[in-house]
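For reference, the chain that follows is the form predicted on its own, supplied as structure tokens.
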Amino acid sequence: MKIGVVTFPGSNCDYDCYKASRDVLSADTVYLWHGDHDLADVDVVFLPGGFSYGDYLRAGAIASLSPIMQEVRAFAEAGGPVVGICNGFQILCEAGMLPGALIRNRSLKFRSKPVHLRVERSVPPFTSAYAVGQVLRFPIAHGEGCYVAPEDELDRLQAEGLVLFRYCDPGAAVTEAANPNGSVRNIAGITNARGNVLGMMPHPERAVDSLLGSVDGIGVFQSVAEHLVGT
């Protein structure tokens, strides 16, 4: 199993993803430079968090045009798993690989805090290690994390089971008070229709060690690994 982590100018969670995949999964993990056209024969691609290109224009907009994204798109179209975390989620939406958009937080303030998520579906390749309804504790760190989409698109995401995570309180209730950024319907993570591209704002790679306050993020990496072993 070989995992690739893309580094864009301004990425600041690429090492977090690298260390999580290397230490949690003991996987061969490599960095992929945004200006290259080579995915180095990886089995999964992570687009990490950070502030690619300083979030100029819109968060993720410039990075979505980076040369490596041509290869990431082709990889996903061939069925390869792609995970976009925080800025990576923004990049996937800007690249048209996921529906909707991430806009300024409802508070218009940067939010950095632990949040709770409810697992909406337990499916490969990203959430099979969790149980439906399980409550996870992940950190967030973003200024543009409010997920929005047209109502018909939101209805489709719901009907097709493409919402994997929602913001909730510790008791699993999906409430407005538990929503840290104003995302519609408390959406914290979605997949594409094929189910092999995940975008999520919270950071699983920062929840893989008890020293970090949570080990709940391990399940995302384990789910990917189990999927790859089984294919």
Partner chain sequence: MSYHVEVRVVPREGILDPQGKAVHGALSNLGFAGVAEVHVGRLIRLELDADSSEDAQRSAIAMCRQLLANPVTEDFEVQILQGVGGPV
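Residue numbers count along the first chain shown, from 1. Predicted model, so just to flag it, every value in this text is computed and none were measured.
Heads up, the form predicted together with its partner chain isn't pictured, but that's what we're talking about next.
**Q** So in the predicted bound form, is its partner chain close enough to residue 185 to count as touching (4.5 Å, heavy atoms)?
**A** No, residue 185 stays farther than 4.5 Å from its partner chain in the predicted bound form.
**Q** So, in the predicted bound form, is residue 111 in contact with its partner chain at a 4.5 angstroms heavy atom limit?
**A** No, no contact at 4.5 Å.
**Q** Given that the partner is absent here, does residue 127 sit within 4.5 Å of its partner chain in the predicted bound form, heavy atoms only?
**A** Residue-level check for residue 127: no, no contact with its partner chain.
**Q** Hey, in the predicted bound form, is residue 104 touching its partner chain, heavy atoms inside 4.5 Å?
**A** Residue 104: yes, in contact with its partner chain in the predicted bound form.
**Q** Using heavy atoms only and a 4.5 Å cut-off, determine which of 133, 150, 79, 161 is in contact with its partner chain in the predicted bound form.
**A** Checked against the cut-off, the match is 150.
**Q** Of the options 146, 154, 115, 97, which one has a non-hydrogen atom that comes within 4.5 Å of its partner chain in the predicted bound form?
**A** In short, 146.
**Q** Kindly confirm or deny that 203, 207 and 212 each have some heavy atom within 4.5 angstroms of its partner chain in the predicted bound form.
**A** No, none of the three is in contact.
**Q** Can you pick the stretch from 191-199, 58-66, 23-31, 42-50 whose heavy atoms fall within 4.5 Å of its partner chain in the predicted bound form?
**A** After filtering at 4.5 Å, what remains is 58-66.
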